[in-house]
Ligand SMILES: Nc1ncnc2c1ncn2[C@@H]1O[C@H](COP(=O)(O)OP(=O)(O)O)[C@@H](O)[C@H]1O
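Here you get one chain, nothing else, as structure tokens; it is the form predicted alone.
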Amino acid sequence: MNQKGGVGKTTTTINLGHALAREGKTVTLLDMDPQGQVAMGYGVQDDQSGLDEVLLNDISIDASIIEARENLDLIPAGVRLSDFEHVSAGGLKRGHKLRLAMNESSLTQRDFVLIDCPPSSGLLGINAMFAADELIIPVSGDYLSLQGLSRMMQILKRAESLSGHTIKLWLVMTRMQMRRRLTQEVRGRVLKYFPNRVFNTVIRENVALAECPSFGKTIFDYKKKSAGAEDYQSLAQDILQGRTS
């Protein structure tokens, strides 16, 4: 999650998910962004029911699971997911619908469940945070990303207060152009203010990462010898081994 657009939230969900699956872990991806780009990134048409029916009509999550790759399933957003932002009935319970649905599904048996969040702190984002044990914030190498990070910390504290549980925080540097001085300065600030919370791997700016979704492929399907594939496989190892700076 990150309120700032263009930092690589969906790219990270798609490719980190596949990287973990390639390591033999069982993974399910949930697309909580009404744009439905996670499904498209796997070559799946997002014209079917998914999380929209789970949240709006209490349909079981298991009824919407799509097998996308070996060890990896996904649950698409569904065409009506944006309607959930306008639900007014239910009070605070509205924020816990995803968590309750996940607890009653086969997702409890998966090694990893990754949730791609929308670029907003509305009802969809709140559901994601209430359901999450951990939060990964992608941060790109520009100063506007630092402002977005500050905003995200406020949202995180608010979500923890409302949900009554602590969410473990991690950061990953994305879309990094390592030869730029500004990029190095931004990374330095993030490391200073979030010690031991920043994954070691830096996701470099890579043309192949931008191209592969248009073909319905992850970076490992599209160009597994690229810098993007190398970086996301390394990020998966960071997560599995607890490698942080």
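Sequential numbering from 1, following the sequence displayed. Quick caveat: nothing in here was measured; it's all calculated off a predicted structure.
In what follows, reference is made to the form predicted in complex with this ligand, a form of this protein that is not presented.
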### Summary
Checked 209, 39, 29, 54 for heavy atoms within 4.5 Å of this ligand in the model of the complex; positive is 209
### Task
Mind telling me which stretch in 21 to 29, 6 to 14, 233 to 241, 218 to 226 gets its heavy atoms within 4.5 Å of this ligand in the model of the complex?
6 to 14
#### Entry: Heavy atom of residue 205 within 4.5 Å of this ligand in the model of the complex
yes
### Query
Is residue 97 a contact residue for this ligand in the model of the complex, using a 4.5 Å heavy atom cut-off?
no
